[in-house]
Each structure stands twice: as C-alpha cells, then as structure tokens.
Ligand code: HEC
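One chain is shown next in structure tokens, namely the form predicted on its own.
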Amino acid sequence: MWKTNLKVLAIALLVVGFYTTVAHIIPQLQSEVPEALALGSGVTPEALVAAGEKIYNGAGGCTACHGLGTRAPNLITDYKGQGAVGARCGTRKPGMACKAYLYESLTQPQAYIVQGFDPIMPDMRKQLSDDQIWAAVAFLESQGGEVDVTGEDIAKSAPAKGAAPAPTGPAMTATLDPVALYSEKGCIGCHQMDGKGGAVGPSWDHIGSRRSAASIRRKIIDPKSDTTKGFEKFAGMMPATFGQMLTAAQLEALVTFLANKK
C-alpha cells in the first residue's frame, strides 16, 4: 500500500512541478500589462491620454490589427481620407458622439461593423478594466480630435451597487477547450483555422508539422522570439500579453492542441 501511495505522491509532485515551471515562464511578460488605473473624478485629459497610449500599444493588443489596413480600420493614421480616428469617430454612427461610439466599439464591437471588415474584434472588457477602456477612448479621441473623456465617465460606467460586475481582465476563464480559446483570446483575428480567421499570422492548420510543442509555447509567450517565413512584414504585430490572458493550464492545453495539428 505504501508503495502505491508513494507512486501517487511522486506523480502529483511531478505534475505540480511541471505547471509551476510553466507559471514561472509566463510572468516575464508582466511589464506589458499596466496595472488597473483607479483614476479619480479629477483626472486630467493628459493623464488619460498617456495611460491610453500605453494600453493601445501594450495590454490592449490593438496594434495587432489596427494600422494594418487589412483586418481592421487604421486608427492613428488616415483612413480613406477621413483622417485619424479622433477626426472621424463622431460621424461614424448618426446621432452618436465620438466617445460614445468608441466606448461601444470597445465593449460591444458587434454593434457596428465598418463596411469591408469582418466581425472579429472581441469585447475588450474580457482583458481590460473599465478605467483602462476609458483611457484608451481618450487616447483614440486625441488622434485628430478633442478629448472629452472625464473621470465621471469612468464612475458612471461602473456597475451599480448590487449589480453583477462587467467582465474585466485580464481574462482568466476556466475553459481548457483550445477551440474556445481561439475565439475568446482573439487569435481568430490573425490566424486561420478550419477556414475561419484572418491571415495576418500563419495558419493554425497543420502547424504541428511545422513547429514543435516547445517552439509553439515559446512563440506564444515571447512573440518576438522568431518570425515565420513569409510573414516578415507583420513581424512584431503579435501582442506580448498572452502570459496574462492564459493560465498555465490553458497555455499547455493550447500548445498540446496545436502541436497535434499535423
């Protein structure tokens, strides 16, 4: 009996050790994700814009699609002669002011789809807190427009007392289904699989015949570790935030799934 218990204990320690090792790999990306802002009602537009710029280029992962002009509209550069997003956001939906439109686009992205683009943007509340979203709105307004986001906007959008809180991030859901993670984490926006998804990054179909499990894991955790041949023009576009968007178990479920797609 004691031999059986010893074997069970050894296996348990091995499993715990494995996931501990993986978990220690992931935190190297912590600097990519800004902490919750907790901005007060007296926050200045300059502070919001500065925080929003960091989110746009970091935790939000916005640069993975916006700016390419292929998977999503350009935001900080001209789009079809209409200027940057701050100059055109107030006219996108009739009767909707700029900051309202931008907030809706970040939290209810399927409410309005710009003609010519696919509905691939995720609800950003799954990975950003509400004050981070409002900071991103302020930054986008500053691109050719006037910033009118205030601390009151952040306070008003907070859940009412007793109400269920809106989803905030980083998103750490319990699912270990790699197909669900493919959509939930926004991978579908850049990687094709089974005829769906974008083409900014390599297809996930047959990826296991091109990369080992270790290579796939390294690429997810450290996107800049290498660039797949044929995708050099998109080098550096993959967000370095998946260490916070995936638990260690989710990461391994995804790696195993992809490594087996021969």
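Residue numbers here begin at 1 and follow the sequence given. Between two forms, the rigid core is defined as the largest C-alpha subset superposing within 1.5 Å. Predicted model only: the values in this text are computed from it and were never measured.
Absent from the display: the form predicted in complex with heme C. The rest refers to it.
The candidate spot formed by A180, T247 and A253 lies out of contact with heme C in the predicted bound form, as no residue has a heavy atom within 4.5 Å of it.
Heavy atoms of K99 never reach within 4.5 Å of heme C in the predicted bound form, leaving it off the interface.
The closest non-hydrogen atom of C65 lies within 4.5 Å of heme C in the predicted bound form. In the predicted bound form, no heavy atom of A138 sits within 4.5 Å of heme C. In the predicted bound form, heme C lies farther than 4.5 Å from every heavy atom of K54. The partner is not shown here, but in the predicted bound form the stretch 89-128 reaches within 4.5 angstroms of heme C through a heavy atom at R92, Y101, L102, S105, L106, P109, Q110, Y112, I113, V114, F117, D118, I120, M121, P122, M124, L128.
Taking 2 Å as the criterion, E53 does not count as shifted between this form and the one not shown: its C-alpha moves by less than this amount when the rigid core is aligned. Relative to this form, in the predicted bound form the C-alpha atoms of P119 and A180 separate from one another by 3 angstroms or more. The pair K54 and I220 is at least 3 angstroms farther apart at the CA level in the predicted bound form than in the present model.
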